[in-house]
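For reference, the chain that follows is the form predicted on its own, supplied as structure tokens.
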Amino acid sequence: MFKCTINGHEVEVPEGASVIEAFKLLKEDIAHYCWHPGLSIAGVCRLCMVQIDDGPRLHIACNTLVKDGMKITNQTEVVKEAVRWGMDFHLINHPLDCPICDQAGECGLQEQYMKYGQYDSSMAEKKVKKRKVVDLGERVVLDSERCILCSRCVRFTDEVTKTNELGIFNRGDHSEIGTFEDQPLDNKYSLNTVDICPVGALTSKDFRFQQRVWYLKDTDSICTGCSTGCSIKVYHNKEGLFRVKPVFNEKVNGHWMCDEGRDLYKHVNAPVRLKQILKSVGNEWFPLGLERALDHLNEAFSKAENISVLITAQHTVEEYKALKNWAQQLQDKTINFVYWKNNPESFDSFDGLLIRGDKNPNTKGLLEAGFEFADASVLDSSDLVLAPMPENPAVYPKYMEKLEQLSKLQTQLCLLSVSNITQHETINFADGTLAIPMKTAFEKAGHFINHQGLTQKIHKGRVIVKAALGLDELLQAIKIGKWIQPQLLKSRKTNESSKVSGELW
């Protein structure tokens, strides 16, 4: 470990650390655009200027290693003047798009100009015009005029995905980011380029013009898209969820996440959700009050002798414990647990970066819960099937086929569903089938265990469907014969703006 002094404060850093890493460790402000802890050093923005040991020459902090006893500062007038000149250079051709730019409110350019710029521009010539609204592929839009050529996105496709789609073309003030011969940016991690863009040059087609970021709150959670379990923040307000972004987790996903995981919020929002308890009668669905539904369930459970639970690895550790305890108390009945996997043929696949074929966040948690699994054939002879359906039905394409087979056998079904079950008009469910709204991972607290055995906590966010139940809540209601109202988050009627934007990276 080396000791150095930064702006008068001593800090200890590991050998081989750069000066900018020492600044970050000490949480000292330093201007920068091109440096990112998950990418190689480029040294192209020239903003992270520092003065070392009172020497006459300035150094860039990103490409200067700390030596023991160094005295470093970015507070002298000569450093501040150099940063202002660098900022002026970056903004010479930058358009005044702030009122219409999606990055407004979390823009590194705005934030750092207010911290390190605030100069009087001496630019008299017209700004260089470049391409705007450039379609880079399925998910990303480029505005070349806003780009400051930090090269973060280029380095990401070169070093992380190794797909090499992006490059910097032309020279001088005509240089711009693009793809070779306009080939699409179509790798499965493309939206990370939007995350690391310090300005509004790269924007997400999905989030573009949907919300101002100061109207959004965020909740820490875990991506439920596969067994990797990436750490994420979910951005939401009273209208619903709007986007998902990765949170740095050295043990799991580093700085990144896949594009598939960013789509998971879409099945959480109200338009596609089951919003009330429904009962199937004569191939039609009718709403059922909570108390009547509980009466119906308790009667069905009391009459059934052979009960099966069709279970997936999409629920929390706490829900599995509740399910096992519930089954142990029904000693006069036969309870069979049937484990349903998604796509067994690709279940163990891995793309080498983050995406796994196991599209469940808690396979380890399910297997460690100690269930004894029965063969799927027991479903056909069951009096009643309790089916907590997968949160994201898209990753279980054959799940509905199995439910249709059971319906043809006139099996009594109790479906806990996130998605609107009535959309499956081709399936004729048996009379008496119950469909109960189920909570998503975003609407409950608990724990998941990822593929490597790491236990991670999910935090309860905004409740989108108030009638939705967790699996543990439903089991408790069945056991005691009445419903205990869960404690919901109190909605605040204050201004939506609640947080100052965070670090640039």
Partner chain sequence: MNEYIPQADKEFILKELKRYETPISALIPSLFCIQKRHGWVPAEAVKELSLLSDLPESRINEVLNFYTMFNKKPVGQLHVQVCCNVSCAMNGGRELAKHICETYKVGFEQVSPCGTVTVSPVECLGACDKAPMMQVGQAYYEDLTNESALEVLEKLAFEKAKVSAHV
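Worth saying up front: this structure is predicted, and the values here are computed from it rather than measured. Residue numbers count along the first chain shown, from 1.
One more form of this protein, predicted together with the partner chain, exists but is not displayed; see below.
In terms of contact with the partner chain in the predicted bound form, the residue from Glu260, Glu145, Asp218, Asp158 that brings a heavy atom within 4.5 Å is Asp158. Of the residues Glu372, Glu181, Glu125, Asp375, just one reaches the partner chain in the predicted bound form with a heavy atom at 4.5 Å or closer; this is Glu181. Among heavy atoms of Arg171, some come within 4.5 Å of the partner chain in the predicted bound form. Of the heavy atoms in Asn164, some are within 4.5 Å of the partner chain in the predicted bound form.
When the partner chain is considered in the predicted bound form, Val141 lies well away from it, no heavy atom lying within 4.5 Å.
Residue contact with the partner chain in the predicted bound form: Leu297 places no heavy atom within 4.5 Å of it.
None of 250-258, 361-369, 269-277, 150-158 except one has non-hydrogen atoms within 4.5 angstroms of the partner chain in the predicted bound form; the exception is 150-158.
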